[in-house]
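We begin with a single chain expressed as structure tokens, specifically the form predicted on its own.
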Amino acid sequence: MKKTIAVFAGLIFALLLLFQVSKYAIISGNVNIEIIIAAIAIVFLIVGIYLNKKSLQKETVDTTEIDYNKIKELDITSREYEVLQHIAQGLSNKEIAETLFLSESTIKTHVSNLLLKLNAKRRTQALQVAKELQIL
């Protein structure tokens, strides 16, 4: 936090200094206004690139392994697990049924069973619980 504050304070100081230098250059008539505007634009470009690179650096997320023992413990069948994986991909019941060559009512039954076994009320909540339990 202190480093961030110091960086921003330094940037603000540099910009104020640049503005003061440009003000004296304009008064003395030594520098054209276009050069001053270009210098200010370059400073803002460099600051923008720096902040963009700092903000876009993503922390590496540890890939968690699937806990197959937890799947067995929850008594989730292999077909229900397939349905859960398809739900995680964002597919609807109809799309899952077409993918697995089952009827839509069978998929609804599997989804209901999953909701009961994962103690969830909605599909999104079931996905959240599944990720917490590391079965997805």
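Here the structure is a predicted model, which means the values were calculated and not measured. In case it trips you up, residue 1 is the first one in the sequence shown, and so on.
Same protein, other form: the form predicted together with the DNA, not shown, and the subject of what follows.
Between the options Thr64, Ser105, Gln89, Asn69, the residue in contact with the DNA in the predicted bound form by a heavy atom within 4.5 angstroms is Ser105. Although the partner is absent here, Thr77 lies within 4.5 Å of the DNA in the predicted bound form, judged by heavy atoms. Contact check for Asn119: every heavy atom lies farther than 4.5 Å from the DNA in the predicted bound form.
Among heavy atoms of Gln20, none comes within 4.5 Å of the DNA in the predicted bound form. Contact annotation: Leu84 falls outside 4.5 Å of the DNA in the predicted bound form, judged by heavy atom distances. Although the DNA is not shown here, in the predicted bound form the stretch 106 to 122 places heavy atoms of Thr106, Lys108, Thr109, His110, Val111, Ser112, Leu115, Lys121, Arg122 within 4.5 Å of it, in sequence order.
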